[in-house]
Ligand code: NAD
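Listed next as structure tokens is one chain, alone, in the form predicted alone.
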């Protein structure tokens, strides 16, 4: 039986949730609430019911799930109210701007006995899933280092995302996605992180950042977001003990190179611009196997299917409170590291 959904906030993400709910096999859209009357009018023009107040929306007895799709600074208050009203809650990411605030939300969920999660929709990105498959297949061995990047050239959005008080900036906007993905690709204990930010197009919030993660096992990772990059670097690059993998962008297949033989007695030097080198001499088909990984099949609405099944006790909630806390702890550490200009260590 379908669950009824009410959406708080009818901006870009709220509209995204509404479209998916309208076409869903597991949920039905009851209506939306937004403090902006123009957005409420837009919803009504699409045949979507618009509630007159937040209280009316979250206290609708027919509502099973409240989706919070407001600016980041409003999440905690609305999530807790919805949980106290006896609703299961999906919150847009980042779920909050501090671990302390998140813990208050988690406590409210535990007291209410209802499910609470964050909408980490980019766990269903095909580029991320391709890298995950390469790691799980193990054909090129254990991971040494993974680099994950998103590069654009249009600066940060000109809406609330460019204002600090509302939780703007790229660490909280795109960083929450890439950090969550990286911590799934390398699910190990973090030793330390180092992060620096850029302020090319605005001084109020970060319009880009570079985060280096160092894990206790010796693995390392780079997460980078840039909004002033007119030539983008590869979306993913991974070094493993028996090869490498690369994805140029989300539209392309993953490229994999597997090392078949390491020691070569007859490597010929190659001529470069200013001299010869054996170290950088290219490999041939005898010592290197190259192939592609097809883009995995993915359906982002599996997020909703899992959440509904978790409510009914049929599945485990995919995006857990511990994962939410870990993502947010890393983001908090990013801001601290950037402010101090030094690494931040994890206990």
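Numbering follows the first chain given and starts at 1. Computed from a predicted structure; not experimentally measured.
Quick note: we don't show the form predicted together with this ligand, though the next part is all about it.
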Contact check for 8, 93 and 161 against this ligand in the predicted complex, heavy atom at 4.5 Å = yes
So which stretch, 57-65, 307-315, 43-51, 27-35, is the one near this ligand in the predicted complex (non-hydrogen atoms, 4.5 Å)?
-> 27-35
So in the predicted complex, does any heavy atom of residue 75 sit within 4.5 Å of this ligand?
-> yes
Given that the partner is absent here, does residue 323 sit within 4.5 Å of this ligand in the predicted complex, heavy atoms only?
-> no
Consider residue 123 of the chain shown here, and say whether it contacts this ligand in the predicted complex, taking contact as heavy atoms within 4.5 Å.
-> no
So in the predicted complex, does any heavy atom of residue 152 sit within 4.5 Å of this ligand?
-> no
Which of 219, 81, 114, 177 has a heavy atom within 4.5 Å of this ligand in the predicted complex?
-> 177
Contact set, 52-74 vs this ligand in the predicted complex - heavy atom within 4.5 angstroms | 69, 70, 71, 72, 74
